[in-house]
Ligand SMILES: C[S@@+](CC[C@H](N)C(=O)[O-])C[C@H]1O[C@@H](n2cnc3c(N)ncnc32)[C@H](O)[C@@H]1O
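Single chain ahead, written as structure tokens, the form predicted alone.
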């Protein structure tokens, strides 16, 4: 049985160990430094501060070529431990977004680009400056393969306004519905959907969406609306709608009282994890920070691999995992910290596929 894993140290070194031990991850979410040039502080009273008093949580002083070279190296190391069907989400600031996308194109291939997701991160700002207010950042979404990908889109519930707009008609019982064409683009030369149904041929350049027996069944169920000119259309009811497919603009605002600088929205991470992994998969966050990705993965039946060199981050994560009864085991000589389930005997990392607990040991 697999279990969670944490590496307290430089993530490139930790990723190299994962590669040597043969562990593959199914989903990666990272929120690396944004090249802001700032140091982020943390204290008992406040996190997410770049001024005032507090201990150093992490330094974001690298900029320019030094920053990009470092991130490029980290992305190459991440790709080495991703499964063939894996995906990566890179959360990044607007100032370096275009540079980071080129790095991802180089590492994963431009053909594996999936989305540039706009994330609304805060309320509108009222700063006096010669530019528009910045209320967004970006999540760059890439797959490891152009065809194979884990994809479980999380549909959104329809609002009252959506229902009234998308389902403007009412039947005799007051149920809202709309109608859609029963034909689709394309010509079926010899198939049943290209032939006439009830004496009606599909429009030129199109074919019926269903075989004749399916069309008959829909009509018997009262799911075909006939116009005054005899044109059939499929009836779709609002109360049977599956919801809206997600788009590439998300509104997930950051926590107002974060436990660690740049802590991200848990619901946003839940969406990513449920969409791009399956229960029992392994989720990697090698810039773990507040540990939010790790907690959300654990809560939804995924294993996690977390990494962070910051002692402040390690302490926040240790405390948060303790609340979930995930044991933080001290004493690994090489990596100082390791995480295990609350039960089971600790095993060396090389045996993680069969042991009840994962720990990291350098070989």
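Just so it is clear, the structure is predicted and the values come from calculations on it, not from any experiment. Positions refer to the first chain, counted from 1.
Heads up, the form predicted in complex with this ligand isn't pictured, but that's what we're talking about next.
K.L.:
Looking at 244 to 252, 286 to 294, 161 to 169, 104 to 112, which one sits within 4.5 Å of this ligand in the predicted bound form if you count heavy atoms only?
P.N.:
Looking at the other structure, the answer is 286 to 294.
K.L.:
Within 4.5 Å, heavy atoms only, which of 83, 278, 118, 263 is in contact with this ligand in the predicted bound form?
P.N.:
None of the other options qualify; the answer is 263.
K.L.:
How about residue 58 - does it come within 4.5 Å of this ligand in the predicted bound form, if we only consider non-hydrogen atoms?
P.N.:
Close contact exists here: in the predicted bound form, residue 58 approaches this ligand to within 4.5 Å, heavy atoms only.
K.L.:
Please determine whether residue 313 contacts this ligand in the predicted bound form, using a 4.5 Å cut-off between heavy atoms.
P.N.:
Contact with this ligand, yes.
K.L.:
In the predicted bound form, does residue 74 have a heavy atom within 4.5 Å of this ligand?
P.N.:
Although this ligand is absent here, residue 74 would touch it in the predicted bound form, with heavy atoms inside 4.5 Å.
K.L.:
Using a 4.5 Å heavy atom cut-off, state whether residue 31 contacts this ligand in the predicted bound form.
P.N.:
Residue-level check for residue 31: yes, a contact with this ligand.
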